[in-house]
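Below you'll find only one chain, the form predicted on its own, shown as structure tokens.
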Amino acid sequence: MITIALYSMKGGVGKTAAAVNLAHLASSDGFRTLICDLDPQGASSWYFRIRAGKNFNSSKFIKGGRGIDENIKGTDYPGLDLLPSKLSFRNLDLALDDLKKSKTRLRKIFSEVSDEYDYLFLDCPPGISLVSENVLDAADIVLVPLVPTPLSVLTFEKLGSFMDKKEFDAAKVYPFFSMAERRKSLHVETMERLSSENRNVLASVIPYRSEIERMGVYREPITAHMPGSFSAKAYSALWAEVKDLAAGNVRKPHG
């Protein structure tokens, strides 16, 4: 199973939209796919019209095992399952902090379903926390949506510094431009500069389009609702790049 995290220290950058559409595209390609909504806001869960069970909470999630199996839900799309979020996930940091080896807990939890899925997508909350450290440990590929503005670039640079400090593998981090507007010279200049400076920047660009914002109205991936749209084609191009990365990915055993 290849674990792909959609992560950013910054909120409002198109992370959930990318997670939802990439997961849908993976399942459409015939891969057994699970998307895990780690954000207590539960946006991915809401897009797929799925609610977590009443008895599911952050404690049961952290324990893994049966608590995970019983709460994975099928979506309306063949081959695509979802582990929904709960508001109690806001306490995940505290729950993790009480455990031994707390920075590797997510990897252990998801290893229990690794034989059941080809791809696991993690829709992560913004910020830097113990949850973030678990995500950076567990993921084979970390996709970082990057709005092409100086503030977003600064935030991305801070992520790089954090990973260096914590000795995470920065080579598995792949930024891609999100909510980009090519009519804005600042966006174009930022994309050109960062692409020349960082060889891991993906070529695909997700545009700023109202049709993506309207995913919240029709509550399904744009790749399903409007597969021929410009935005859906942008996500398809991004998926093609990610799939190539995953095909060449060899998971190193952890000591």
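So that there is no doubt, residue numbering starts at 1 and follows the sequence shown. Predicted, not measured: the structure shown is a model, and the values here were computed from it.
Note that the form predicted in complex with a small molecule isn't included here; everything after this is about it.
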item: Close approach of residue 243 to the small molecule in the predicted complex, 4.5 Å, heavy atom; value: no
item: 4.5 Å heavy atom contact, residue 13 to the small molecule in the predicted complex; value: yes
item: Contact of residue 222 with the small molecule in the predicted complex (heavy atom, 4.5 Å); value: no
item: 4.5 angstroms heavy atom contact with the small molecule in the predicted complex for residue 67; value: no
item: Candidate site 39, 126 and 206: all three near the small molecule in the predicted complex by heavy atom within 4.5 Å; value: yes
item: Partner-contacting position among 83, 179, 144, 131 - heavy atom within 4.5 Å of the small molecule in the predicted complex; value: 179
item: Interface residue in the predicted complex among 52, 34, 26, 212, criterion: non-hydrogen atom within 4.5 angstroms of the small molecule; value: 212
item: Stretch from 26-34, 187-195, 54-62, 212-220 whose residues place a heavy atom within 4.5 Å of the small molecule in the predicted complex; value: 212-220
